[in-house]
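Next up, structure tokens for two forms of one chain, structure 1 and then structure 2.
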Structure 1
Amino acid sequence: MMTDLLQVLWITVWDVLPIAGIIFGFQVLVLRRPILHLRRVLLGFFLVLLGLGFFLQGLEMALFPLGKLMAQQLTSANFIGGGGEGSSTTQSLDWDAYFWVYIFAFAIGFATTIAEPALLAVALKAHQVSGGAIGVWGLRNAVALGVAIGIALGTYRIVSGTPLHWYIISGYVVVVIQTLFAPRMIIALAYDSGGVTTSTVTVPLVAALGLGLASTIPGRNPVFDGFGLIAFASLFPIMSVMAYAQFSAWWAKPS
């Protein structure tokens, strides 16, 4: 384990070095100003490297295996009532037999999004610059609901084997129509909300869930079917945030 951790730390150093080079290079060569609190900055970079290393190692040791394990347990024939462990019995099950898979995907999508630090930062800033018009918890719940619906629908796509582009194209058609009618203040924030959700907490668990499902459901290929849940997690929050703003605007209208 220590060997793997040291290898991950070394890879992380090489990944972060270009970022540090650009920042220090612009500060010294372009702006021609000294770096204030150099020791503190270097200590911060060291902590970033250490944290990223432990985070990446934790993904490999815990989250990815956990996601695969949950997918295996939720899709086992004994659990969903297939009555046996043979692949032929599981193969005969319909998409609605995987009801608990969709429930778990919805729950994990909502929970991970609420815990996402990037979303919290954006919600606090939006509340600040809007003078309180955009609520922190209202925005976070709207985004989390969108992610939850998107991931649940994405797991249905994996189970049913339907093409990914049908969902993505249809979703963006809805987004374009919503953009025409949503309050102008919320449009840019809604589009950003789709990006901030796919960060450090959500992506590892969602990716592990998708790959685990595609690996355990008969007839599915992890390469072709295991990926794509992140696209759902990015798309549906845009719709849910604009819908939240549209509903709020309608509710605030005097009757």
Structure 2
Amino acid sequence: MMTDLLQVLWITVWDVLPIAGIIFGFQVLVLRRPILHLRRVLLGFFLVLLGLGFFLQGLEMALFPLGKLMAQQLTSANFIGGGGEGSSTTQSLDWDAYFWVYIFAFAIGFATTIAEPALLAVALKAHQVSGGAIGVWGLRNAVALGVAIGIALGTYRIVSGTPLHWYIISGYVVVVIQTLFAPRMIIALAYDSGGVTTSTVTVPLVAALGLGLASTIPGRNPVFDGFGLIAFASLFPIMSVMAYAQFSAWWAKPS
């Protein structure tokens, strides 16, 4: 276990090293000025590294094995067949036999997004820059709700077997229409929210869910359908964050 932790820390070091090299290189060679509070900044880098190492190793020990196993069990023919009325073959099951899968998809999408460190970082910055108008929790809840709806709909898509590109293209159309009406200050932040959700915590669990589901249902391609869920997870937060801003603006307006 200690060697695992060291290995994760080592990988994180490789993640940080090029970034540190570029920053300090430009600082010394191009900008030619000393870094303010250098010791504090270095300590900060060290804490980020240590924190990410512990975070990833902890997830690997506590949540990922159980979460992935759970995704497999919930999507297995046994569980779904047992939940339906009497039918034992997966082929003849209706889409509503997967009731618990949708609930799990929604819940795990929401919960992993709230725990996502990159989203927390963006929410902290947005709160600061907007002068408190955008709440840290408001934004994170909006993004998490978007991911939850996206993943739930994505699992329904795998079950029903409808083509992925119809969902993605109509999603893009909705985003474009919302962009026309949303408050200007939220637009860039909303687009960013789509990118930060597909990160450390969400991707492994969601990919396991997609993979499990696609291998249970005949005629699905595990690789393609697993990727499809991640596409949903990065599209829907854009809509939910713009909707959140539109709702807040409407709510604040004295009628």
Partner chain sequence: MTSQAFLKTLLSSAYDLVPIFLVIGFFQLAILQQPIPNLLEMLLGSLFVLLGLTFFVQGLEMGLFPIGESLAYAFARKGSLVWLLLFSFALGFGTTIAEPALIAVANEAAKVAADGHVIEATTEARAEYAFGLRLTVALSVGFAIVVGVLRIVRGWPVQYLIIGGYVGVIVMTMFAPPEIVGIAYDTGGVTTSTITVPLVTALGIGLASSIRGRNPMVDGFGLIAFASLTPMIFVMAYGMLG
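Because the structure is a prediction, the values reported are computed rather than measured. Between two forms, the rigid core is the largest collection of C-alphas that superpose within 1.5 Å. Residue positions are counted from 1 along structure 1's sequence.
task: Please match the form predicted together with the partner chain to structure 1 or structure 2.
output: The form predicted together with the partner chain is shown as structure 2.
task: Align both forms on the core first, then report whether Ile187 has a C-alpha shift of 2 Å or more between structure 1 and structure 2.
output: Ile187: C-alpha displaced by less than 2 Å between structure 1 and structure 2.
query: With both forms fit on the core, is the shift of the CA atom of Ile11 between structure 1 and structure 2 2 Å or larger?
result: It does shift by 2 Å or more.
C-alpha of Ala20 moved at least 2 Å between structure 1 and structure 2 on rigid core: Yes; Ala20 is a residue whose C-alpha shifts (by 2 Å or more) between structure 1 and structure 2 when the cores are overlaid.
After superposing on the core, C-alpha shift for Leu69 between structure 1 and structure 2 in angstrom: In the core superposition between structure 1 and structure 2, the C-alpha of Leu69 moves 3.5 Å.
- prompt: In Å, how far apart are the CA positions of Phe54 between structure 1 and structure 2 with the rigid core superposed?
  reply: The shift comes out to 9.2 Å.
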